[in-house]
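Here we start with a single chain on its own, the form predicted alone, put down as structure tokens.
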Amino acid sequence: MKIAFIGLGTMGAPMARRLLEAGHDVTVHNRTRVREEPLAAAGASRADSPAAAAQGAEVVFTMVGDSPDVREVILGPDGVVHGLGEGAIVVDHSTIAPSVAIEVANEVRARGGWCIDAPVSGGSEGAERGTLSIMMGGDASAIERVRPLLEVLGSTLTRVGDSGSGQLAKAVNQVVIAGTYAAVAEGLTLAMASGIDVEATLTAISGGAAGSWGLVNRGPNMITGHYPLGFRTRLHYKDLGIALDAAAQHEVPLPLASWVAQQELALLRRGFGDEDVSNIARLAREAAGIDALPVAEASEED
């Protein structure tokens, strides 16, 4: 199948590579053009713009940072819609505001195509392994048409409703992650401070009711105090903002998610926004006196 993939960051690049390795004809584009080079070396074509990438593509995948980026990449002057063919499908894996997902879907539909909001969860590991959870909003028949492609990328594929619904499901996902990571950080900090074998404790509780993806995959980060990138703290903070906006719209209080957002903002302001989101453990460890929070270069985030 002829595919375009736009957005080759931590998640997008391995996803595009999986589609290429599955035998599809893949054209790539990224704002920072050098990121196209490894995929081009593996056999992908390169395009100078999202519109050029979309020309002739049956399916266009996008994976960019935020709502304004999606608007620009899909609807902008050089956006996907200017190259999209009749009946082609756009699959947006970005995490954006549900209202923007609906807006983009309506614009694409008005031009004869389909747009599915399909945010993902599972971190960079899931993108590499093809085990992502993909939550989808949009036309059911369009989703079925792209399902064979999505099966290359994910192991859990779920339509949750019409356009915008995928983004609402992702907001729920990020709220749960926020609480999970905060709880894992506090629990493992207690284990470290008490002097018991913390690695053995991690093994023990991972097999019980406390077991979770975050505990198993990010607990080791919190024990060592090193936070190699899986999903950036600044992006999770952005996602929590989307969730909190949705919660306000529906009059749902989210006190835990609000508290975690403030903790992440503190990390961003101290220069740790590009670390993995498990770095919320920095603050728990500092509060317990296990280690001092090092001073990094100040972030531009505020």
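Each form is matched to the other, and the largest set of C-alpha atoms that superpose within 1.5 Å is called the rigid core. Throughout, we count residues from 1 along the sequence that is shown. Quantities reported herein were computed from a predicted structural model and do not represent experimental measurements.
The form predicted together with a further copy of the same chain exists for this protein as well; it is not shown, and the discussion that follows is about that form.
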| query | finding |
| --- | --- |
| Segment that reaches a further copy of the same chain in the predicted complex - one of 67 to 75, 108 to 116, 142 to 150, 210 to 218, heavy atoms within 4.5 Å | 210 to 218 |
| Contact residue in the predicted complex, chosen from Ala169, Leu84, Val100, Ala127 - any heavy atom within 4.5 Å of a further copy of the same chain | Ala169 |
| Of Met135, Ile96, Val91, Ala88, the one that lies within 4.5 Å of a further copy of the same chain in the predicted complex (heavy atoms) | Met135 |
| Any non-hydrogen atom of Ile223 within 4.5 angstroms of a further copy of the same chain in the predicted complex | no |
| Ala257 within 4.5 Å of a further copy of the same chain in the predicted complex, heavy atoms | yes |
| Touches a further copy of the same chain in the predicted complex: Leu235 (any heavy atom, 4.5 Å) | no |
| Contact of Val252 with a further copy of the same chain in the predicted complex (heavy atom, 4.5 Å) | yes |
| Sequence-ordered residues of 146 to 165 touching a further copy of the same chain in the predicted complex, heavy atom within 4.5 Å | Thr156, Thr158, Arg159, Val160, Ser165 |
| Rigid-core frame, C-alpha of Asp276, shift of 2 angstroms or more between this form and the one not shown | yes |
| CA of Gly230, rigid core aligned, shift of 2 Å or more between this form and the one not shown | yes |
| Rigid core superposition, Leu202 Cα moves 2 angstroms or more between this form and the one not shown | yes |
